[in-house]
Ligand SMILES: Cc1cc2nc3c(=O)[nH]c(=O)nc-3n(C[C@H](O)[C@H](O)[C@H](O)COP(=O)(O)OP(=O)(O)OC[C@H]3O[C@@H](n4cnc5c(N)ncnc54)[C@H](O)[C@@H]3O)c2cc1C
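This document starts with one chain, in the form predicted alone, laid out as structure tokens.
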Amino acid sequence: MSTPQLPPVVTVKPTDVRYPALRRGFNQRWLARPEYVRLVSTPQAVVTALSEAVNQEPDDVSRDRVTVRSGGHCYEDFVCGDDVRVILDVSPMCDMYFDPALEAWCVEAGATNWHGYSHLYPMSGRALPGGSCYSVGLGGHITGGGYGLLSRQAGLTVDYLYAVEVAVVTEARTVELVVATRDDPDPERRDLWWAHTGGGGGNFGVVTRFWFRDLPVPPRKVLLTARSWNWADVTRESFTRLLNAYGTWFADHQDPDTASGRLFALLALNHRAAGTINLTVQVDAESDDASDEGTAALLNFLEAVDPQSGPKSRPMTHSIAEHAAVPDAWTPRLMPWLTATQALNGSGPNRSGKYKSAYVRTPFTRPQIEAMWGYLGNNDQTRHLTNKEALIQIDSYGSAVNTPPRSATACPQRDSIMKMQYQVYWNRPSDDDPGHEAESLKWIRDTYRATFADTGGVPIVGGNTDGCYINYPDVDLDDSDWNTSGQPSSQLYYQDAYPRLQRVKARWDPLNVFRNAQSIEPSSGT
């Protein structure tokens, strides 16, 4: 019996039973009203669907954007906004295979992080150094740079990108399928490849496939520990010691050739309402004996951030926003790499959310720590907050990420030691009721502005910060009420890479089909 094949194109209109679910993504904050959602399962189907979309007259001129979805995690209304006419959903394209013609592993744009771990790794013994939220689509994750628990030892996802296939719209409104490679003899195609190594998704066309060469081999085994501190035991002094120790340790351990330089940690500073501060740590190790290099690195790190003299840490029993709790790992557990990845992978429930980001180049300043302490439920403005899903997540960063030359990819942030993600979540009772949106937005905006009060309310490029991560988009960066630094989002995301990205945009998307509130503006006079 032959295996049933997916139809190349499926169109879902408002009368379809699937429409209410497909007009939104993972982030329930944004609900679109498109004329239709089109699911595509082959690159040629993308060409057909995109060609039809850009040559149709909209029923409503106020809704004229064509957007692209892979995993659907978009943090702003770039995919599911009120002005969206058509959503092209590439999630059915999720295959992975070795392509002998390009001598590279092919990853289709609708695959997720979890496809990479559960499919690519068993087949190849190699892995994308990507994120730990399993349902995030690789189409967006890769094009923004991509990082995860392996990045301190292996670098960013795009550091291994060899080729990309993109459906682009010409000035004549025809659609072409272009394959661009890292060593492409055509400089314009080479620029198109480069733009997809950090230039963000949805800026140049519809990505259909990626190819990767020389992907890293994950460690055979890792040590994993997960710990919590009860907020009731944490004082201002111990909080300050924790953040100082955390930042200093990573500032001092930036060599990917050492176990300490490969160690990854995720510190979740949950709001006091959640009850705990959580810490997850992973390092490659061959045994749990203290003489093992990885084990010694982990013990050294824990001695710095979780000393016997401080508040007593306990097993982690409460989740960390997008990550499930790991309750049986207070004592470090030795396990195969994929098993540990399975234990940590999560995305949390579908709900509304708002996010902000920061690259941090040196340990935190005293005013930054004081602001975080206060706005995590220890000042008059936030003590009353009851939302348990408000937090500041601080990931370790750098090491192998900081090794490649800045010009090799479109990711300019190559000398940071930590990466911050401010997060707040809330439930949406119904499509007509946004829930506690105003209270949640106030908390995250006030907290972020207070942390970076000395630099105009944002982590500027320069000093101890280095801008923001395009995969955590934040429209507040272009709002003078929240950003008085003089640095717009384009500088915070892309820095010196922006003018070149503008030239690529003008060449490959001359009609500015792929646009949103923070999309790359085409260069003038090109």
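Sequential numbering from 1, following the sequence displayed. Every value quoted in this text rests on a predicted model; they were computed, and no experiment measured them.
The same protein also has a form predicted in complex with the named molecule, omitted here; what follows describes it.
Among V283, L128, A109, V158, which has at least one heavy atom within 4.5 Å of the named molecule in the predicted bound form?
None of the other options qualify; the answer is A109.
Which residue, A195, V222, A390, V206, is the contact with the named molecule in the predicted bound form, using a 4.5 Å heavy atom cutoff?
Only one listed residue qualifies here, and that residue is V206.
Within 4.5 angstroms, counting heavy atoms, which one of the listed stretches 270-278, 138-146, 304-312, 366-374 is next to the named molecule in the predicted bound form?
Result of the contact check: 138-146.
Are G261, S357 and D466 jointly within 4.5 Å of the named molecule in the predicted bound form, each by at least one heavy atom?
The answer is no: none of the three residues contacts the partner (heavy atom, 4.5 Å cut-off).
Report yes if any heavy atom of H73 sits within 4.5 Å of a heavy atom of the named molecule in the predicted bound form; otherwise report no.
Close contact exists here: in the predicted bound form, H73 approaches the named molecule to within 4.5 Å, heavy atoms only.
Would you classify S132 as touching the named molecule in the predicted bound form, given a 4.5 Å non-hydrogen atom cut-off?
Close contact exists here: in the predicted bound form, S132 approaches the named molecule to within 4.5 Å, heavy atoms only.
Going by a heavy atom distance of 4.5 Å, is W482 a contact of the named molecule in the predicted bound form?
No.
Do V79 and the named molecule share at least one heavy atom pair within 4.5 Å in the predicted bound form?
Heavy-atom contact with the named molecule at 4.5 Å: present for V79.
Are there residues in 360-374 with a heavy atom within 4.5 Å of the named molecule in the predicted bound form, and which are they, in order?
Heavy-atom contacts to the named molecule in the predicted bound form: nothing from 360-374.
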